[in-house]
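First structure 1, then structure 2: two forms of the same chain, each alone, as structure tokens.
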Structure 1
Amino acid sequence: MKILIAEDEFSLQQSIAIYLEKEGNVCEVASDFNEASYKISLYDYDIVILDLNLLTGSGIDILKQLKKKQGANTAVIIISANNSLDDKLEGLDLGADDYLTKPFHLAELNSRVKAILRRQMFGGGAIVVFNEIKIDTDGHVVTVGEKEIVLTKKEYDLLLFFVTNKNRVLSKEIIAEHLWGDNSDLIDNFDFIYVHVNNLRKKLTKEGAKYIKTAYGSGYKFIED
């Protein structure tokens, strides 16, 4: 999933990003309040990992900004050295999904990220089913009917993005931003998205590919046939 890490301690920020990227996520970082505020105003994220004590501002104000953003469905995990009950209650009352006190193990943070994604996107389970298509999000295994389909990492991420955004037109820009994060700003054109979609259609065979529709002039839409 696409995750923003708003943390001003560089070593911790990078450790979190590296760990979560190894788990298959796309991670972006913000090192102070202004950068975090700018990014959440411009982009959508599945999860924001938010330090309360950011340079140049408060993480609480970032949380308030996120919750006011129209159409946003971003989960928030607060990470903070503050262990007081009042701080925890304030963050949770404002809409944060979880609160983790520093120092913490990266494996625990990863488990909490997975738990939130299962609750919000997959109905609490690790298996996503759409008609003939079944996606095991823990094992990264995809089957169509009873046949296992071997996908590249980007093809897998693209399929999961389609399924969790069914009936919504996804532009090439949105797809690129989701799959490549900050690096999508360096891309001159989005022709390669067509290549990834075409390869995914071929691997899904007729049974699975029929759900990926081209929205001409806009992008793609994953819908019931």
Structure 2
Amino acid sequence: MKILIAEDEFSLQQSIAIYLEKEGNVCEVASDFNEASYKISLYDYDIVILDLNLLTGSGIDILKQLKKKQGANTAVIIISANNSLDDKLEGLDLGADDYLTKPFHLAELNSRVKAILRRQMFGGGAIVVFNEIKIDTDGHVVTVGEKEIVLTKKEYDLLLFFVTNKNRVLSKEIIAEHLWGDNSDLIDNFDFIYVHVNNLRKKLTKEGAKYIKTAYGSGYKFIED
């Protein structure tokens, strides 16, 4: 979950980034209009948190730029010190997904972020995969069919990473980096991934590799069918 925080007030920018990163997202920041504009032109973020009153330009223009972009599925959460209804409506008319008035609680922002990510990926509510595997990202509860299965944190993270990248081959390096950060990089040994994959497979179904296919020499792939 890649998030861009376009906010010129440094301390707020930092606290948002830290908070959301603790929640498992990857954040980048933009401190003025130009940096924000440049960054969204370069990369498709999942969410942009956008302060309307940027130093060197209006956040509204960033919003327009985002919505003009083809193919991107970026959601926008507007934050603004201005509480006027007009502003709110203009933002939402232009396609913003949510609106928060300063000051706000980070927990509040976070729950909106989560809601958007849910909606973005799975059409809201609990995550549904394959009619059979359900992942409730709020409660971290996973069910296969009617049965709830109990996963450890690593297994849960791994499953979520697979599910959000289904039908895509994920190398062990990418998996390692996503689950362990890059302090474990250069370790030329990803054996523990074998173990976690094996455990996850066993817990998911009796038929082992039904969902998690091995791409020999390349990695693993979570398949929908």
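The term rigid core refers to the most C-alpha atoms you can superpose between the two forms while keeping them within 1.5 Å. Keep in mind that this is a model prediction, so the values were computed, not measured. By convention here, residues take numbers in order along the sequence of structure 1, the first being 1.
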(request) May I ask which of the two structures is the form predicted together with the DNA? (result) 2
(request) Compare the position of the CA of residue 174 between structures 1 and 2 after a rigid core fit and state whether the shift reaches 2 Å. (result) yes
(message) Does residue 109 move appreciably between structures 1 and 2, meaning a CA displacement of 2 Å or more on the superposed rigid core?
(response) no
(request) Verify the C-alpha shift of residue 197 between structures 1 and 2: is it 2 Å or more after superposing the core? (result) yes
(message) Superpose the two forms on the rigid core and tell me the Cα shift of residue 219 between structures 1 and 2 in angstrom.
(response) 10.8
